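Just the one chain here, the form predicted alone, laid out as structure tokens.
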């Protein structure tokens, strides 16, 4: 009998798990369940409704080795630090770097550790893998099966962390590889914190596919300011899933800035699981060349008297492609919901593509919900107005693009971070 050997991308990833599972941290049963789910879901192709605008099969094509450690110099690391007084936590190729993380848990009410060493922690056990469903998405399942390291952060009840916490995800390799960083952030009742996640590439001359997952638990009356800065290079492929659960009277603001990367897919899922919750989602994506950026958001209103506001903007250049797919889901019991969603885009080229799909799915009858989208080129009348006042055409266009982006950038509450993002936008359109 002839033996048929399967060699699909899904099969290769399953084989990689089989070869490495005995070296991975945590619950082996959970990992096996997650890989079983991944094997059923498989790598999504263009026929998948959720992934039809990004070629994940092409992104995962080829031999992708498991991540290996690579040294990063202090000079390289210092160049990646954005906030002067931040608590800096470093993840290199999917693994927590104790060498470069200078935090020794000396702030009362704040606990930080390598997620790979947190399995005995009671808070970790209560929350890990409880919010990101392994059956909902193949990359959630794959990360749960293959996670190698990351950050576990716990802010105790009533604690206010004055300094921002900056988690720096660094990809660095001279050979093609796949990495699976994992973070769990828990804010207890009345806690407050600011978390920045940045994704950067350092000395990477081959494809690096990063499948990152962050779970957030925001307890009653807690406040979390969350920022993501994505700056992978042309060899960087990023699938970034953020799964958040909010409790009563909590406030969660998440701000995503995609500045570069060959392919970036952002999955942002937020569950409002109690009353009087406030949620803000803001995003800015800048694409050029053959880049592909895909933003999928889900705001799940489960209980009454909650508010959510969402604003995503994109500037698309050359032959690049951007996608916005946002859904507001209002369940039957979620009366008195106020939910608003807006997506606006500027196309700077006839060859660029934007796919936008704002959605409302409402099962309650006493709500205020709206969504809208607009796509167009720069306003010729405004360009003419600025040129009539002495600006060159190029300067007029740059000014209008800055003004367009500023509606998102102004939501950054940290001056140094806002200056950093504005400088990147300026350099992009210089």
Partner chain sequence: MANEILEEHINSDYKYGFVSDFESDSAPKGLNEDIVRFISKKKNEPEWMLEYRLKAFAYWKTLEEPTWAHVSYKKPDFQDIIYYSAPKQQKKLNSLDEVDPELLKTFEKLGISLEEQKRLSGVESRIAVDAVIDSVSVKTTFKETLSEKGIIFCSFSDAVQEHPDLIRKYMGSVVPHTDNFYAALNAAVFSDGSFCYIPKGVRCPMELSTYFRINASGTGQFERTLLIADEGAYVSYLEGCTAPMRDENQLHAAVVEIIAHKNGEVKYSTVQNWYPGDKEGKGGIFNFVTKRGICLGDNSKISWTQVETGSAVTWKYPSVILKGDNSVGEFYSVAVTNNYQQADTGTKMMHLGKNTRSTIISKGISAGFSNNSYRGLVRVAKGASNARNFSQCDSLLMGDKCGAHTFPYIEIKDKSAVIEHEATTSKIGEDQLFYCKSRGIDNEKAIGLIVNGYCKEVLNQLPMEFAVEAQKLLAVSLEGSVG
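These figures come from a predicted structure and were not determined experimentally. Residue numbers count along the first chain shown, from 1.
Keep in mind that the form predicted in complex with its partner chain is not shown, yet the notes after this line are about it.
Heavy atoms within 4.5 Å of its partner chain in the model of the complex are found in one stretch of 37 to 45, 66 to 74, 388 to 396, 374 to 382, which is 374 to 382. Of the listed positions (290, 125, 309, 349), a single one reaches within 4.5 angstroms of its partner chain by any non-hydrogen atom in the model of the complex, namely 349. Think of it this way: in the model of the complex, its partner chain has a heavy atom of just one of 79, 233, 135, 335 within 4.5 Å, and the residue is 335. Not displayed here, its partner chain is kept clear of residue 32 by more than 4.5 Å at the level of heavy atoms in the model of the complex.
The closest non-hydrogen atom of residue 401 lies beyond 4.5 Å of its partner chain in the model of the complex.
At a distance threshold of 4.5 angstroms between non-hydrogen atoms, residue 51 is out of contact with its partner chain in the model of the complex.
Taking the partner from the other structure, its partner chain in the model of the complex has no heavy atom within 4.5 Å of any heavy atom of residue 241. Residues of 352 to 372 that come within 4.5 Å of its partner chain in the model of the complex, judged by any heavy atom, are 352, 353, 354, 355, 356, 357, 358, 359, 360, 361, 362, 363, 364, 365, 366, 367, 368, 369, 370, 371, 372 in sequence order.
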